[in-house]
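Quick heads-up: it's one chain on its own, the form predicted alone, in structure tokens.
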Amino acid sequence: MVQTMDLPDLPEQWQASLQWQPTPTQAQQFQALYAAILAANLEVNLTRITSPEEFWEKHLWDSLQGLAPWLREPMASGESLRVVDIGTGGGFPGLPVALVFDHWWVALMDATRKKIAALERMSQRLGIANVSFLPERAEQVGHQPVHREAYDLALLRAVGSANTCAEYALPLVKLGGQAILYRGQWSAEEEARLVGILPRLGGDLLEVRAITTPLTQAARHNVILTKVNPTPDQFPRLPGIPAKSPLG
């Protein structure tokens, strides 16, 4: 058995940074998720971030800060978004998003089948019912009719270069939908390279949001893409090519 410490209770930090804070029930769910991740980590390497403060900031807070506009102005309770978390790894940002927005449907995608299997077992034990699991590569899923241009939101955190992420995400996003690229630092050069290739994928740069982490004062940027035209059939390219040879 793994010893699980309590996550820090930081309502002021939530409120000051995101103008939102979890309900008592959501805080309990976060604690249960933390314990489940630590337990699963004994069998499958889901994360190296295991201390309570780091887990709170780098996994829970960071997962949710990318969706700050929805946290501040929640959608009508009956309206649901379809979300795909591309390269979910240990379940971030997808699992915290699914817990907070329990009327959304969140697909967790990762090519590492052991990770997806662990996340599926964990979600079942925790009773997280609004998630599905895709143990496949984005380059393959993006050509499947049931998934292509089927999602309102695509989330990509720690996946690859911005241009690679755009090629993974935009084929999966509906017209009018968005892709949120979670980045650390962000430069004018990166932005120029990204803007240069987005028309080829049917996308446009909506905005770049900057935020500072509440505990360690590190830089975060959310690069928000919007889908303005259908993505041409040749994208995404064959598995491995978007990462090895990003569009440029």
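Keep in mind the model is a prediction, meaning the values are calculated, not measured. The first residue of the shown sequence is 1; numbering continues from there.
Omitted from view is the form predicted together with a small molecule, to which the following refers.
Asker: Quick one: is Y168 in contact with the small molecule in the model of the complex, heavy atoms, 4.5 Å cut-off?
Answerer: Contact with the small molecule, yes.
Asker: Does any heavy atom of L108 come within 4.5 Å of a heavy atom of the small molecule in the model of the complex?
Answerer: So L108 does not count as contacting the small molecule.
Asker: Would M122 count as touching the small molecule in the model of the complex under a 4.5 Å heavy atom rule?
Answerer: M122: no, not in contact with the small molecule in the model of the complex.
Asker: Check whether V97 has any heavy atom within 4.5 Å of a heavy atom of the small molecule in the model of the complex, and answer yes or no.
Answerer: Although the small molecule is absent here, V97 would stay clear of it in the model of the complex, with no heavy atoms inside 4.5 Å.
Asker: Picking from 87-95, 143-151, 169-177, 125-133, which part of the chain touches the small molecule in the model of the complex when contact means heavy atoms within 4.5 Å?
Answerer: Contact criterion met by 87-95 only.
Asker: May I ask whether H59, A138 and R157 each come within 4.5 Å of the small molecule in the model of the complex, counting any non-hydrogen atom?
Answerer: Per the other structure, all of H59, A138 and R157 touch the small molecule.
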